[in-house]
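Only one chain is included here, represented as structure tokens and corresponding to the form predicted alone.
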Amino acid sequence: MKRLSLMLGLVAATAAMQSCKMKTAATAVQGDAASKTYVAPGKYDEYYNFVSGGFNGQVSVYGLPSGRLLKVIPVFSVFPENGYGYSEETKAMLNTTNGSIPWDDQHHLDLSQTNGEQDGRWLFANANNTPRIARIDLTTFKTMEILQIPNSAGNHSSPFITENTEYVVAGTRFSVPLGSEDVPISSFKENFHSTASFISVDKNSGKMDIAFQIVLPGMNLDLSHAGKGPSHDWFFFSSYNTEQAYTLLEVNASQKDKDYIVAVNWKKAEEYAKAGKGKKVSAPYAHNTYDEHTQTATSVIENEVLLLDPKDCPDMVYMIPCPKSPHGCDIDPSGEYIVGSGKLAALIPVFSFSKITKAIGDKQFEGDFKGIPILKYESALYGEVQKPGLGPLHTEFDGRGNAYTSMFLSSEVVKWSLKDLKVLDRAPTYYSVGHLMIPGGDTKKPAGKYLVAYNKITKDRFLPTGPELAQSAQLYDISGDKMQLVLDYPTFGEPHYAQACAASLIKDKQVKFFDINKNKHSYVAMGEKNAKVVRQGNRVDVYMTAIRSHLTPDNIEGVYVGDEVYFHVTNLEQDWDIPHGFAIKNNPNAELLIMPGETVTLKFVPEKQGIYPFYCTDFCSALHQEMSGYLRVSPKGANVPLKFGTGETAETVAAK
């Protein structure tokens, strides 16, 4: 109860600090802030900013420094705006071994890297609720692959990559029993495990495969990052609940003064996997891929994974004590320093990779945790940042020898020196900052010009919109000695971690339209002459084309109540930014948005007879309103012949 009283006291103190800051918030922005974020009409931002969508399951894209929203990329949730998850081509992307899961909680992102630097090829996203990893193609801003992670629950410590994108790594937040054995919750210590999944990435195609999973004791893996340079072969995870509690975690998982940074030698794990030290076990999971040629997704159920147990693989995993309930686990650009951010700690421990390797070599251990060696705290420690603030969470780096840590409880960003661990500057945030993001701040070469704070509480920063307010992001100029707040901008969902890269890395590689001559869709209509309607039993396939400003065919009859009607709409345009939409009255799912050169399918099952208008939903020309048509649905069993056309009237038919 004393511990609980202490926590309540911290919360009260935090509320008091926030109350004081709210009165002086306007003074935090200097007069030149607007000029630093102004992007003139017709000009581009310097950076793409990819922001996790949290509970909306998507990824948002902003420009920096303007904070302008550029796009929402559908990933783990259905998206009525363009039909993702509703169209026949994309339904398979959301398949899992538990059927279609049309939503998820998207927390973290990582851009692909080569030699520890961003390369602009792919963006990886995690699903926290139903464990999955997605790969997004940055030439099309489309989700191309989603891989389900078995033996996992709460896929939080992901999707962080090694510095050549050899692996995407996923650690489980909630320990669970492996397999499907029915065991009591109270048997947590005996039967529950956390896992770290190492997912290989093909360097050319980006295709993902689960290479191996490392089985760890029951605990919560929170966040992680790969080593760099000298620490290239290693991966580091923060962990909490090493008490192995399974109820009232706010008290029972906060008993120890130190939890652990889990250090994994993934190169050695690779060697063990190749040497046959692992155990193949049954573990079904879905692997969903989108084929850019057929423009269709497929889902395949895989059935086994390779497990590596540290008990059978010496020198693969070590524990480094870290105060207290660590959240962030961040590696500086040199790869020498590992920063653990204990959210209940009053300091920030900084570990030295060279000291860690020496301690391992000298066997400076203080025991073990479920058979995994524990290094002595002092033997791995470089030093501690003293009195940084309250509630340290995440750290990013500017490439100039400085680190920036978010302080959740004291609502501030703290800048400190990696060399002497001295605090150099503080800047208030509004309010309760979570993650930070510096473009390239987790790579070998950060671009230390801007920092974005993603705050958990908005309060008075924007116009009120009822009980729920927009999420608050704040942009700081960090190019000088002192941090300067220059912009507030709202975001979707609840942003957690984010990434940003120079616009020049991506903008000139964009696909502007899809070459229709390379369209291998099974139901493509290559021109209006190939538009048709075909019946097979109660299935009706409409091969439709769209071009400014009509649909072909635009009159269809001979469809009956209960028929399964598939509108396969091909956009014949071959010009940039000329998508067409498609929707039909009373359809219970969504619309379609079809890019130039694409074919996309909408399924419609009419339940009542009548005339159903359909139309283009995306404004495409001065005659956009005229881009429409009619479907006649007759009673089941009616003797109405199948008929379709465009431009035919009763008068033109009679004249033939």
Partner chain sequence: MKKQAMFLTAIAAVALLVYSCGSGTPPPAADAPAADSSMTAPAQASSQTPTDETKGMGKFAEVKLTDPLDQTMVTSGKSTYEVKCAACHKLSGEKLVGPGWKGVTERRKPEWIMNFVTNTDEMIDKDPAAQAMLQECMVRMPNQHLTDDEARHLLEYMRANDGKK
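In this text the structure is predicted, and so the values were computed from the model without any measurement. Residue numbers count along the first chain shown, from 1.
Just so you know, the form predicted together with the partner chain exists too; it's not on screen, but the next bit is about it.
*Asks:* Quick one: of Asn204, Asn98, Asn517, Gln536, which gets a non-hydrogen atom within 4.5 angstroms of the partner chain in the predicted bound form?
*Replies:* Checked against the cut-off, the match is Asn517.
*Asks:* Which of Pro102, Gly401, Pro284, Gly527 has a heavy atom within 4.5 Å of the partner chain in the predicted bound form?
*Replies:* Here the answer is residue option Gly527.
*Asks:* Could you confirm whether Asp575 comes within 4.5 Å of the partner chain in the predicted bound form, counting heavy atoms only?
*Replies:* Heavy-atom contact with the partner chain at 4.5 Å: present for Asp575.
*Asks:* Can you tell me if Phe619 lies within 4.5 angstroms of the partner chain in the predicted bound form, counting non-hydrogen atoms only?
*Replies:* Within the cut-off, so yes.
*Asks:* Is there a heavy atom of Glu626 lying 4.5 Å or less from a heavy atom of the partner chain in the predicted bound form?
*Replies:* Yes, contact at 4.5 Å.
*Asks:* Consider Lys258 of the chain shown here, and say whether it contacts the partner chain in the predicted bound form, taking contact as heavy atoms within 4.5 Å.
*Replies:* Heavy-atom contact with the partner chain at 4.5 Å: absent for Lys258.
*Asks:* Name the stretch: of 156-164, 545-553, 239-247, 179-187, exactly one has residues whose heavy atoms fall within 4.5 Å of the partner chain in the predicted bound form.
*Replies:* Of the options, only 545-553 has residues within 4.5 Å of the partner.
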